[in-house]
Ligand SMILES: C[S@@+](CC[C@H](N)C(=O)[O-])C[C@H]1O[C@@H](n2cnc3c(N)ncnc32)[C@H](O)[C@@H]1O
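Take a look at this single chain, the form predicted alone, given in structure tokens.
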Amino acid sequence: MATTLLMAGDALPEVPISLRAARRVAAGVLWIYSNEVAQRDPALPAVHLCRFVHGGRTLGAGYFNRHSLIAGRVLARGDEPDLAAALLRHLKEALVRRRPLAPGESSRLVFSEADLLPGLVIDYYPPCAVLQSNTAGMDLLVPLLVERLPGLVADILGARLEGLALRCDGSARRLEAAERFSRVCFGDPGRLAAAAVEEDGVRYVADLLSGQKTGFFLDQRENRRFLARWVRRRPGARVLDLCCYSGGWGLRALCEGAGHVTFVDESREALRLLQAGLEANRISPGRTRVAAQEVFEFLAADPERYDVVVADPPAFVKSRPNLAKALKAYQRLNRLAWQRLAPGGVLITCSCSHLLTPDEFLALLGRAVAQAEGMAQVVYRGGQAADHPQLLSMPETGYLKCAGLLRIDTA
């Protein structure tokens, strides 16, 4: 936490920005790139809270990081006199937008830029939560957030927060020259490392301290519901869950009546969470197969055919320079996954790479099916759950794509 938080009444230092950046901020963009910063004060810390100004006018307030390509992030537009008050106002508004939550319902309470809180994610796994800071600038505000979050959850959601994990360990922090760490703010570490998550009656086990994202993929909620509807119409279906992690898709399929699910993931830690989920749902071992294998290796050797194949890989597109390589990887994965489908089966396939547009995703799926000399109907198109909203002025906040492809046999 490198810099003292400037509270109400303190004068925030000015960071002059270009005309282009000023216009973008006025249009609702919350990022200012390093080449849009007109002047830097070497006497100030590398990371600090500030006001963004152009031509004598304050466009907004937020934080600045001289080490990052995205050098400035706006927390409050206009001439905001109290940055801490603006932060808490946005936090309250985000929580209000998530109401009402059903008893025991998990939710993303804050989704970074989409909730006007760039760099901040808060996920709620009642009675615990994870506060994730992805930027060095947001780290400056973490002490205030940790202090106020329990009271806001109690006041707005009517729930007592019994555990809070701080996750500052995301890979994006490398781009910020920010230290990576995590810690327990309060609560039982054992409970946080094996948190119970329930979705539509299905029980999952999530590691809120070191698991992927904040421990579970809440963003796929609506897409898992499509899988559930499909499986209910085909009792006894055979399902292949690729890159299964803790079993978000496959456990749902088993609880909805699938006859057998094959889970594939190369992470032993992920499969440990999966096993805990199988036990929590009292799934018979005879209905599952677990393969601790790299997904391409598995697909190259597996001779089986499935009624449903789920391909939900990690983001292949980390940056624009590797886009072409990533597209080839997505296309290869989907071609091999398509070949594992039985006639009349459905491929549910996803991409969480925000640099890959929905149209580009469908196009590569078309090429993958064509390579396998197949024909497909698009029977489902989905995205991130509603508690992961997209800020219209920032397309980057819309990242998740999901498609359901029905295999049509014409012979």
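Predicted model only: the values in this text are computed from it and were never measured. Residue indices: 1-based, along the sequence shown.
Form predicted in complex with the ligand: not shown, discussed below.
Just one listed stretch, out of 258-266, 141-149, 103-111, 68-76, contacts the ligand in the predicted bound form at the 4.5 Å heavy atom level, and that stretch is 258-266. For the options 306, 217, 330, 338, the one in contact with the ligand in the predicted bound form, meaning a heavy atom within 4.5 Å, is 217. Residue 314 is the only one of 158, 314, 285, 235 with a heavy atom lying within 4.5 Å of the ligand in the predicted bound form.
Taking the partner from the other structure, the ligand in the predicted bound form has a heavy atom within 4.5 Å of a heavy atom of residue 248. For residue 244, a non-hydrogen atom is located within 4.5 Å of the ligand in the predicted bound form, even though that partner is not displayed. Mapping the unseen interface onto this chain, residue 212 counts among the residues with a heavy atom inside 4.5 Å of the ligand in the predicted bound form.
Proximity of residue 275 to the ligand in the predicted bound form falls outside the 4.5 Å heavy atom cutoff. In sequence order, 293, 294, 295 are the residues of 276-299 having a heavy atom within 4.5 Å of the ligand in the predicted bound form; the partner itself is omitted from this view.
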